[in-house]
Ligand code: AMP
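Next up is one chain by itself, shown in structure tokens, the form predicted alone.
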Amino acid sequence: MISLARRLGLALVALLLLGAPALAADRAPVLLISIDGFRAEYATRGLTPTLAALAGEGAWAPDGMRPSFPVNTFPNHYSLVTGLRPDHHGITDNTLFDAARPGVKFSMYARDQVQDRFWWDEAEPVWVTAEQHGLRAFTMYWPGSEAPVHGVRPSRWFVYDEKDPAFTRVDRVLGWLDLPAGERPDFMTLYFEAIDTLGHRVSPEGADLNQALGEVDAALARLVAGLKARGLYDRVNLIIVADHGMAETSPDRIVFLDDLVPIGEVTTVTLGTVSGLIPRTPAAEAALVGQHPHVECWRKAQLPARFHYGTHRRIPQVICLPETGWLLSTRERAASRPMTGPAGSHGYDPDAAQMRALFVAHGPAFRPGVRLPVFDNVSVYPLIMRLLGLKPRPNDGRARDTARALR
């Protein structure tokens, strides 16, 4: 026989759920949101009230997450959803080569390569495991999600379109949650690039960047309002992250590769911040390796252990890393792309405060008011897998890094 108190409790639950979309009681949907280039410090400027409210009601890493090396967009987005460092998942930078594909360059701007599973198959992202275990994954613009990784695609995925308005993206996610129970996703991703784009064009310390922070927060406010209108604000687990931060650069802080080695004796794979170089002669390699003013270069196998980088075949022979805020360029490149004032970049030492990335989590799985110390971003993956009730694949993350945030 059900007691009066029990009957009243059940009636209250029924009233609370009236009109809300029915969600599985044992597994709340997970929405992973990336705000590309959102430096952890940005959240303390008082310009993002929606984000601050989510952090206050949930878990927040005030000093941010430590990105994986190299501190660039594609490597870190894939680390977040695989729990593997770039040295292990194979997306070793935004631009890379592989001897198994002679003459082919992978670039984040090369649509044919971005959609080729060859580059992504060395890891298994969350959406692949979810789909293989009968869950539904919908992804929007997450690096790797356009390719059939291990022959598996998310139930819904989209070709990246930077012109797609932020509000439209939010409304699309809310529409997913309106789907019937058998069609609604268990795992979703949402991506905003505006902060990173503007951070490269202007100083991350400037007024233009601050205005962009407010615009992205407005998109989060639209998401929150939509969740509340559906009775889902406390029934969806939100994990809001960034891939990296941003540091101010200047035309007065450039190291020229020409001053280190004859330019004809080296092939540049990447250049700017973290730079991958292929010396064409032993003399050129010897000239590069070592400490130079404002930049240091290593043979890939001799990189500092804390970078967890240097064993993968796709990594160039020599890696150079400028001091935070400095750039490595060539005189020809600098002349063709002149800097006229302060700008911004990433790709620096992952321990630099300016490279720290945003982490906020809110929802039924998270305790309110939790403040987490700095942790490595590969630990986001085991957190997501736990929320989805899935066994993680072997990874470099640590579940204990975020365990205190969970109810």
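Numbers for residues come from their place in the sequence shown, where the first is 1. Predicted model, so just to flag it, every value in this text is computed and none were measured.
What comes next is about the form predicted in complex with adenosine monophosphate (AMP), which is not displayed.
- Here the chain stands by itself, but in the model of the complex one stretch of 71 to 79, 261 to 269, 215 to 223, 179 to 187, 71 to 79, has heavy atoms within 4.5 Å of adenosine monophosphate (AMP).
- Taking the partner from the other structure, adenosine monophosphate (AMP) in the model of the complex has no heavy atom within 4.5 Å of any heavy atom of residue 334.
- In the model of the complex, adenosine monophosphate (AMP) lies farther than 4.5 Å from every heavy atom of residue 306.
- Using a 4.5 Å cutoff between non-hydrogen atoms, residue 97 does not count as a contact of adenosine monophosphate (AMP) in the model of the complex.
- Heavy atoms of residue 154 never reach within 4.5 Å of adenosine monophosphate (AMP) in the model of the complex, leaving it off the interface.
- Annotation: in the model of the complex, residues 111, 146 and 191 each come within 4.5 Å of adenosine monophosphate (AMP) through at least one heavy atom.
- For the options 235, 200, 136, 292, the one in contact with adenosine monophosphate (AMP) in the model of the complex, meaning a heavy atom within 4.5 Å, is 200.
- Heavy atoms closer than or equal to 4.5 Å to adenosine monophosphate (AMP) in the model of the complex belong, across 34 to 50, to one residue only: 36.
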